[in-house]
Structure formats: structure tokens, C-alpha cells
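To begin, one chain is listed below as C-alpha cells, in the form predicted on its own.
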């Protein structure tokens, strides 16, 4: 059914941003189409377990159990008033239509007059030798195993990286009964002290982070800052992580599961296919869709919000989703709710200060990314090593990321560079002694995620 008051509105994503956007549209009397790759609304942060799953919300979401319940119930209340498409992948946007593939195999092209992209984010990884061993996961992957599949990635797990998620997932695993062998933060402790004034703007979110840290320390979980992961070792799967301490000494920690991650990167490929221009965000070291403070992009009728428009966290994503929907409504002739917009803007300003603190406290390990050993596998899809990429950069002057991709095939595989692309950019910049911004970004191409051949447009 088309939305009332100016044609069909399509919302892509049913995490905090997409849910709050849909709620604002429904409140205004509009029935939007909501497309969700997951089977049930909630997004990654509040991913729901399958039916019959016995673990309570407190065990799944920790201190965010209340927020998870509220998000789930709010979305469930919307279901009679939205056109909900779960288990549906958006793989292309073309000619003002969203091209989708349903889990059951059906495909469709859904035309839109207004499009609101709430596409979320994914883990940012930095490859190191052994990262492709069985038992090595991203932090988000480890969290999905626990929330959605009811299992841990190992009995004795090491967590390595630098992000708030590092401590949250370690806490969730320890609460679930797994042995957390170590939490290894690549950021030095001094940067967290420097970030403290900005971090205080996080309020309850910052307090929860302190609680997770204190809870782990109280149970004598080893927490080490300023480390550099050197290699994961094992025969048939990961058996240990070898790492360098801040004092230069080499250590190793035994494990049968390893989770790693260095923050998040925006899932912005669909915005690219919708012809939204991008701008470089120095603090997040990534290109993000251009949009004003209300989520309006330069493309008429296209709006972006949540972590897909720049990493900001679940609370900020929810606010951005509502604000983008209110902007969309205003653009379609609805009376603006100025009081609500003012309240949202005030909260967003506080959260932006907190986000700046997080970027200081959990910096991306630039030196580590630019000094990965040559024999390390970089692009798993195309089996390209770091050394092969460096060779193409040097021999053919591939100082631009898409040129390096064309020569080396980095980013040409199933993931379309979603995993290897950010590190490939760091390597190109390092080899050319150039800024990360100057090497450009990988251009999105459909399908943004793999689709079966029988469901392709030519089939």
C-alpha cells in the first residue's frame, strides 16, 4: 500500500534508527514500507533470539535489557500499521526503486517517492597473521553467536581490538559462563584519561562502560592496554594469540576462540547507489554520505540516519531516525514539530561530545594497519595478500584505491570490499605517504551483498 500524503515511503533497516523513523511516520498517519534483512526488528545491537530461546533479556543484553525490551515492544506495536518486509535483502537501488531479494527466493523492485536509509554498521577489522584461522571472529560475530545462536565461539576466549564493544562483548561472554582469557586493548590507557572530559557527556552510557570494566576486573579478568596483536597460531583452529605488550615484550595467551574489532564502519553502499555524494570524516577515518543535521541528502527524497550515516551509537541512532522522519514529513507538507526537533537536537549535541571522547579513547591503530606483514591475507574473497597489494601500488603507481582494486582485485569479491576495503585504503595511503582522504574510497556496485545466480536480473 502506498503511503498517504505524497507517495510511497520506504525505510531500509529496522534497528533503532529505522524503528524510530517508522514510528514517527506512523504517528503522522503514514504507512511506510519497512525492509529488514533480519527476521525480526531490533537491529544488531538489539538482535532478537529465535522463538523458544530460553535465556532472559538480562543475560542477552546486560544493562541494555530494558532498552532492548522497549525497542522490541515499540516495533511490535507498529506492525499492524506498516508494510513490513522481514528476511529481505536490499541489493540495489536504481531509478527510484529499491531492488530486494526475499529469503524465500522472491525478488521485487519497490518504487519510492521518499527513501530513508537506516542501514547500520559492521565491524572494522585489521588483519594480522592467522586471522583467518577457524575460531577467529569479529566482535560483532561473537556477539551474534551469543545472542542469536545461544553459543559461545569458544570455551576460553581472547578479545582484542579497541572499541567500547570490546569490553561489552567480553562482559557478555563472561556472564554467559565462558572463560575470558584476556581483554587486550590496542589503545594505551593514557588516551582514555585524555578523553575523560568528553566521555562524561555520555551520562548513563559512560557509566555502563565503567561498570563492564569494573565487573571484569573484579573477577580478575586480565585487561591489558597498549598491546599489538602479532599473530594467531594453531593447527586446526586458533590455539593462542601472540601479542606485544606496551613495554615491547612478547607474550602469548592460550585460547580456542578469538574475537577482534576496531570500532565500526558505516554500511553506506546503498546511499552510494542512490547517488548520494560522500564526504570524508577524519575522526572516524571513513567516507560517509553527505547530509544535513536532519538527515537530508543532496538527492531529493533521500534521507540517511543512524550508524549508516556515521557512527554514533544506538541512542544517537534512534534520535537521528526520528529527526530524519520529521524532516521527511516537513518536506512533504506536514506541520513541523519544532519543540520535538529542539529536544532531539539538544540530546544529539550532548552525544556528539561523547562520541568525540570515544574517538580519542579508542583510536584506530593506524601504525598497525600500515605495517601488516606482507604474507598476511588481506582480501579473503580473492585471496590477495598485503604484499601483493603493495607490489601493485609500487609497480603501477596505484595510489588511488579503485586503481589499486583494479590491478590487485582487492575488494572485488563477495563482500565488495566491506571487510578488506578500509585496511586496503590504509595500506595505499601508507605506501604512498599520503593522507587517507586522498586515496579515495571504493565505489559501491550492485549487488552490495551476494545473491543467488538464479535470482539475478538476467535469470
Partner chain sequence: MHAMTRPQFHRLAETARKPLRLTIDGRSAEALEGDTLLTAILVNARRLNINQFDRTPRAGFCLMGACQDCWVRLEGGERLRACGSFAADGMRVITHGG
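Please read these numbers as outputs of a predicted model, since none were measured by experiment. Numbering follows the first chain given and starts at 1.
One more form of this protein should be noted, the form predicted together with its partner chain, which is absent from this view; the next part is about it.
Shown alone here, residue 280 lies farther than 4.5 Å from its partner chain in the predicted bound form, counting heavy atoms only. Its partner chain is not shown here, and in the predicted bound form it never comes within 4.5 Å of any heavy atom of residue 431. When contacts are judged by a 4.5 Å heavy atom cut-off, residue 247 does not count as touching its partner chain in the predicted bound form. When its partner chain is considered in the predicted bound form, residue 151 lines it closely, a heavy atom lying within 4.5 Å. The candidate site formed by 284, 301 and 343 is entirely out of contact with its partner chain in the predicted bound form, as no residue has a non-hydrogen atom within 4.5 angstroms of it. Only one segment in the set 349 to 357, 151 to 159, 187 to 195, 364 to 372 has residues whose heavy atoms sit within 4.5 Å of its partner chain in the predicted bound form; it is 151 to 159. Only one of 74, 377, 221, 230 comes within 4.5 Å of its partner chain in the predicted bound form through a heavy atom, and that residue is 377. For the options 401, 419, 393, 35, the one in contact with its partner chain in the predicted bound form, meaning a heavy atom within 4.5 Å, is 419. Residues of 160 to 176 that come within 4.5 Å of its partner chain in the predicted bound form, judged by any heavy atom, reduce to 176 alone.
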